[in-house]
Each structure stands twice: as C-alpha cells, then as structure tokens.
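So here's one chain in two forms, each on its own in structure tokens, numbered structure 1 and structure 2.
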Structure 1
C-alpha cells in the first residue's frame, strides 16, 4: 500500500478487512465494512453523548426516561409500561430506572385513579428543569457531531437509514 495522495486512506476497518481477505478469502465481505463502520460510529456518538449527559449528572437510561416524559407534553405524565415500551426495554429495568430518578427527586410516582395496578409517573419541577437544560446541550452536541458533513450527505444518509430500518425491523 504505497499510494500517494490517496483520497481515502486505510482506516481501522480497512485493516481488518485486509486481514479477513487473507485469512478467509471465501467470505463475501461486502457488508462487513459498511456495518462495521456503522457500529463504530454509533459507539463514538454514544460516548460523546454520555460524556455530555454525565456533565448534567445523568446516565443515558435516565435521560431517555426524562426525555420521553418531557416530549409527551404537559402534564409530563406516563405510566411505566408506556415508558418501557417506548424505550424498548423490560419493565423490570424500567422499575429500577424509575427508582433512581424518584430518589433523585426528578419524578414522582402517583397512584393511577383509573387502574390500581399501575402508577402515573410525572416529572417534578426539578426534573423538568434538568431535562430542559440537558436537551439544549444534547441538540448542540448532536449538531456538532454532524457538523463535518455536507447537508446533502445528511439528507442522503437519512433516506438510506430510513429504508434500512424499514426492511431490517
């Protein structure tokens, strides 16, 4: 590999693909480069988001719960099953997230007058303040992460990702 002024130099994934070509020339690697980079990028994005959230005292799980309540609009109330379904996680996991957030004073569990098996989970004023501040920072962080991309590339990616999500799910 002695290319001069190669516009796309080898990255970590290229190195791995070269190894596979040598060791397993029978494999069709056409998807591996794409999906490997997808995975690496998601990991990098999540790391940066997690750092930003940590500066607001939140973990990603907690942030997701507060954001789901916030975007549902006033009175910022959902029941635990709705939240676990919206965030694609187990109800047991939601129980412990809610425990943490309630201990931190960011939300309340009140009795559900319509269903005595359930609760009404509501943002406190403090929770509302924290999620609103964090969201401002969050949007800025995400925008910074894509700032190196041409706007048409963002549009293209969005279109393709939408297609893939449709077929994969």
Structure 2
C-alpha cells in the first residue's frame, strides 16, 4: 500500500514523505519516494556484494579488473587502455589496481610483442580460479537478493530501469 492511500507510514521513506507532504503539500514527491527506495536498495545490495567479495579477498575494483579479463575470453589478455575503457576509469587508477593484482599473483604484465612500448595484462591460472569462484558466489548472491520477486516483476523492473538509465545518461 502506498503512503498516499495509507495514513500509517510503512517504512522510513514513508515517514519522510508524510512529513514533507505536511510541510510542502504543493510539491509532487512521488519521485522522492521511488528514488529514495532505489538508493536504499542500492546501498543494501552493495553492502552484501562487498561482503561476498571480501570473503574472496577482493574489493569491487579488483573484481572488476579480473572479471573484465575473464570475460574477454582466451587468452584472457588486454592492454591497460582497453581495461581502463571497459571499466570507465583513469589509466592512473588502473595502474594501482594492476599493481595490487600482480603482487597477489592474479595477473601478470608482459611487454607486448607487437609494440614493445606497451604491455599486455594476462589473467594467471590463480587469477582465473579466483574470478571463477567469485563470480559463482556473486551470481548466487544477486539471485538470492531478487529471490522474493516473480520473474515477470524482474523483467518489468529491468525494463523500467533501462528506460530510466536512457533518460538520465
């Protein structure tokens, strides 16, 4: 039941909306409720994903690099600029991530035989094992988080979120 139809607040967002509607009845606050809940949901999902990643010894940034290499297919190799572009981050930020992952033995950097001014980043066997195990747990975590939704609700939300992203980006 929505806050509009129910005089009793259902959650913390409803409390805030009820207060604002009392103080500013002239404003349409429907977006505030929707986006406030979306923000709370995002934080809750990020916390659970971060906890799962930490159980594998990874942070979100390290996971992203390993996942980009793994999904690139054999031989699981890219140049740093390709990784930076795929992850929408600066080359300087990428260098520090690569340093940490290389120190952990999860990837290696070798000179590019086609262009000795550059190097290639390759997932090691250990890195592949870590990303495969982590991705398995990541998929399970995400599926658990949406397990209370019917498949048609997931499809509807996906369509709505895709439309919203097209609108704001």
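Positions refer to the first chain, counted from 1. Being a predicted model, the structure only gives us computed values, none of them experimental. For clarity, a rigid core is taken as the largest C-alpha set superposing within 1.5 Å between two forms.
Engineer: Looking for the form predicted on its own among these two structures; is it 1 or 2?
Structural biologist: Only structure 2 matches the form predicted on its own.
Engineer: When you overlay the rigid core, is the Cα of residue 114 off by 2 Å or more between the two structures?
Structural biologist: Moves: yes, 2 Å or greater.
Engineer: Any chance the CA of residue 148 moves 2 angstroms or more between the two structures, core superposed?
Structural biologist: Where the cores coincide, residue 148 shows only a C-alpha shift between the two structures that is less than 2 Å.
Engineer: After a rigid core superposition, would you say the CA of residue 22 moves by 2 angstroms or more between the two structures, or not?
Structural biologist: After core superposition, the C-alpha of residue 22 moves 2 Å or more between the two structures.
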